[in-house]
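Form predicted on its own, single chain, as structure tokens, below.
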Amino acid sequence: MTGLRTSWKRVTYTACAPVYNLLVWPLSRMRRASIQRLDLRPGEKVLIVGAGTGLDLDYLPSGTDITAIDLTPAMLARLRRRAERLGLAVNARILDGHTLDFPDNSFDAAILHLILAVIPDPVRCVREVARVLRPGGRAVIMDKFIPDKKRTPAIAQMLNPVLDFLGTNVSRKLGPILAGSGLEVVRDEPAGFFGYFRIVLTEKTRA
């Protein structure tokens, strides 16, 4: 079932790739603030999961070693053009966020912007991210979540099947997604839309 849903996501995001930047431009401030929380340093290896058209590239400090993955070739084609305009060397690869084709402990940091509400199995995704992060590595999440201790609003329950089919889930809670992943929350802050969007900085536990 996950494979079928993943294939449909590829179709959906291929269709919206030409207008994707317009759809998400209101989140630019959140995107910048989220990346700032990582406090990236020159030489660090950073992985962008679900990199889309490459909007995160605008806010990465110089000197970082960037790998960007996305399921959708149409999105990555735009990311590569953006990287070229910015003069950035980016290892851009078509990969499914459920199965990261990298060795353990490969990265210092990871960026997960607007992916955990989209990917069919977010638990599997964050566990893969934790695997490829070095001990003490950081991952920052920027997305929309229902607060863990609150009931999912009736309107979200009603609309979610349609919205999930079209491209994004509106009823996920972050706590259950992170539970047992090896990523511990360091900072959790509201980012917009009355706290529905959050920026969450996590760190991989040290052995």
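Being a predicted model, the structure only gives us computed values, none of them experimental. The numbering used is simple: start at 1 and walk along the sequence shown.
In what follows, reference is made to the form predicted in complex with a small molecule, a form of this protein that is not presented.
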**Q.** Non-hydrogen atom within 4.5 angstroms of the small molecule in the model of the complex for each of P122, R172 and V185
**A.** no
Q | Touches the small molecule in the model of the complex: G137 (any heavy atom, 4.5 Å) | A | no
(Q) Given that the small molecule is not shown alongside this chain, does H98 nevertheless sit within 4.5 Å of it in the model of the complex, heavy atom to heavy atom? (A) yes
Q: Considering only heavy atoms, tell me if F197 and the small molecule come within 4.5 Å of each other in the model of the complex.
A: no
**Q.** Any non-hydrogen atom of I141 within 4.5 angstroms of the small molecule in the model of the complex
**A.** no
Q: Name the stretch, out of 176-184, 32-40, 59-67, 46-54, where some heavy atom lies within 4.5 Å of the small molecule in the model of the complex.
A: 46-54
Q | Listed residue (A92, A130, L114, L88) with a non-hydrogen atom within 4.5 angstroms of the small molecule in the model of the complex | A | L114
